Each structure stands twice: as C-alpha cells, then as structure tokens.
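Consider the single chain below, provided in structure tokens and representing the form predicted on its own.
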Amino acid sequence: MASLEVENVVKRFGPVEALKGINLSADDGEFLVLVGPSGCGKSTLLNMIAGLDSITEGRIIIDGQVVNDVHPKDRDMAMVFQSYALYPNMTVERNISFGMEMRKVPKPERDKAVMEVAKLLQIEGLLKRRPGQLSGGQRQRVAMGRALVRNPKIFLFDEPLSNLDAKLRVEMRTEIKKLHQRLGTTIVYVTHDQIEAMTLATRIAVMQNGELHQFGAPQEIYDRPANTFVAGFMGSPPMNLIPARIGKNGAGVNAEIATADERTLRLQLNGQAASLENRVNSEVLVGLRPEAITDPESRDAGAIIQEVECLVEVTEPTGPDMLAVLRLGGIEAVSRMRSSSRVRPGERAKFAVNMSKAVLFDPETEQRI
C-alpha cells in the first residue's frame, strides 16, 4: 500500500492548458475516483501519476517521495487499461505471468502467483485459453490479474468497464469493490460514469476542463455539491436547479418561485435565515434532488416538508420506484416516488418537498451559497 499526493499539477500541450493546478491526495488503502466528462483531463492526470506523461508544473509524491523524474517501471504501480491490452497470441496464463517472466522471476514463483490471482478472480478454468476465446468480462479479469500479480503499491484503472455491456459493468463493478476490500491496496480509478464513482470511491475528484471542481467523500459531493456543474453531473437523474428569489418571512426567509399561472410558490428555508439575510430579494438557484420531491405518502419523517401542487408532464416507471417530470417554477423538475404512486401525465398532483435537503447556488458564480 502507498499514499499519493498530487500538488499543484499543471499540464500544457503547447498553448493549451490541459490541467490547471490540480491538488488531491489518497491515503494508504484508499479508493480514489477521478470522474468527469470526456476531455476533462482525468486520463491525462492518471498517465502523469503512472509516469507515462510528463508534468509541466507541480509534484507527484508517492509515500513521501517525489516521483516526477522516476521512470514508470520504478514507481511500483500497475495499470489496467480500457482496451485490456492483452497479447492475442498468448494464453491467459502467459498473459498474466509475462511481466514476471521479463523480470526474471523464477518459474515456480510465477506459477504460484498466477494460481493465486486466478483463484482470486475466479478464472482458473480459463488459463489455457487465448484472449480471442474470452468474453469482455473475462478479458477484463485477465487484465486485472496481470496487474495483481505484480503486488504493486498502487493500482491505476483507466475506464476499465466502458467496453462492457450494462449488466457486465454492474457485475465487474462489484468484483472490483470486493477485490479492493480483500486487498486493501490504494487504487486510483478513472471513469466518466458517476454511478461507478459513487459506488466504488472512498473519495471522489470531480473534474471539468482541466479543473478540480470538488474533492470529497461520495455522500458529501452528492448532498453538498460545490457548484452547479457538480450538482448536474453527479446523480442520476441529476439535481433539479430551480430559479427563485429570496424573500423575507417574519424572522425567517423563503425561496419564492414564480409559477406558470403567475402565482408565487413560497418554500421555507428554515435554519438558513442568518446566512441569507444579505441575499433578501436576490436571485438564487434552489437545488433539490429528485428524491427530495416525492409523493406525500413517501415523505421523510421528521424532515422539513412542504406540500406543493404541480402539473405532471411525464411518468417513467423504473421498477423499484417511479420518476415523474413535473412543471415547477418554469422548469421541468424530476421527482422520485413509490412505484405504486397513482400520479398521471396531464394531471395536477400534490408533492412533498423536503426543504431540509435544499442546496442554494448563486446563479452568477454558479457556486454553492
């Protein structure tokens, strides 16, 4: 196991700044996920940690040692690629052991390591096959096995599940998490899939356009997104961002939302009066996760609940629950409710809004208030 620190890392390709002063860290045994849309710089950062790409500015530190100028083979890391990168003419057994063979590891030791890894990944029966005879999920297990036999300080995963179908992705995601729990090795994992990030990570780094927008625990990022980008990117469906104005309500404050019929919907912001005193009459965005807008029967006990009546535009049964697209304050908001809910498209229905889950954003800076 090893700790990892990324300090003020900048990467330029000519005049283009691909990474803009990234700071993050991973403790011993931590599962760090770099997540963001395509082109945000997460794979570039992973390659720099691995030593496959140079650093323009900043430092990468592993176990207290600066490794900027250390050759990739001397960093004691193992990488699992999106494309598997298996040798097609070699058997599974040889693919897994080839790196040890190049390092002159004795054959009895290689054979023992291969069998241990094959048992761990449940691929003992595939050792004599070649990659062309394997499914996508099996190939990914072999790629992981090749990394595991090295027993490195840090595992690096570069979008390892993106080539798999939806069912296999879920299965392999579970296998990777179980593997991490068994081994306790530090992992840095790149993905554009926020569900993968939420389910796997101990900490998440959310990136966009070469910048780190938020770094923290999954639940913290989900409940308290730093800005509207994180609010919209993390979560499926994403957080609803509803335009509103801060209004005074005696000793408290409201989020005043204009409705389509020219009425004003007032949602109480209990407990936030002091912090919003200087924002009265200012515009804000009220962030509410879909599960914070639900049918009255599913409301959270003891939470700050307000009932609103909205027009339902679309319903989407998902099996365990139902999503409803409703008209709220001039936008289409998504509500999550019980699968047995009786709301119908084209009808008005009552919804319970959990205002204790509300997050406010400044519409100009897009930062959380």
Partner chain sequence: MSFHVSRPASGTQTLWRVLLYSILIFFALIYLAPLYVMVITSLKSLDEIRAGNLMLPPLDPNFDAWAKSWSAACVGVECSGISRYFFNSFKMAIPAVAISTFMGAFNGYVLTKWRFKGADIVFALILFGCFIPFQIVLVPMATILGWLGLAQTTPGLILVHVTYGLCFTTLFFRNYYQAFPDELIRAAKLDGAGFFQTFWRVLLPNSLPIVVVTVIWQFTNIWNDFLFGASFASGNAAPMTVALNNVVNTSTSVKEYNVDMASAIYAALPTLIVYVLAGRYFVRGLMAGAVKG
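For the two forms, the rigid core is made up of the largest set of C-alpha atoms that agree within 1.5 Å on superposition. Positions refer to the first chain, counted from 1. Quick caveat, the model's predicted, so the values are computed rather than measured.
As for the form predicted together with the partner chain, it is not shown, yet the points below apply to it.
With the partner omitted here, the stretch from 79-87, 175-183, 286-294, 199-207 that lies within 4.5 Å of the partner chain by heavy atoms in the model of the complex is 79-87. Site annotation in the model of the complex: the residue of K107, K248, R103, R224 reaching within 4.5 Å of the partner chain with a heavy atom is R103. For the options K153, R150, R169, R299, the one in contact with the partner chain in the model of the complex, meaning a heavy atom within 4.5 Å, is R150. In the model of the complex, V343 stays away from the partner chain, with no heavy atom inside 4.5 Å. Though the partner is left out of this view, H213 does not reach within 4.5 Å of the partner chain in the model of the complex, counting heavy atoms only. Residue contact with the partner chain in the model of the complex: P72 places a heavy atom within 4.5 Å of it. Although the partner is absent from this view, A50 contacts the partner chain in the model of the complex, with a non-hydrogen atom inside 4.5 angstroms. Once both forms are fitted on their rigid core, the CA atom of R245 lies less than 2 Å apart between this form and the one not shown. For R130, a C-alpha deviation of 2 angstroms or more is recorded between this form and the one not shown after rigid-core alignment.
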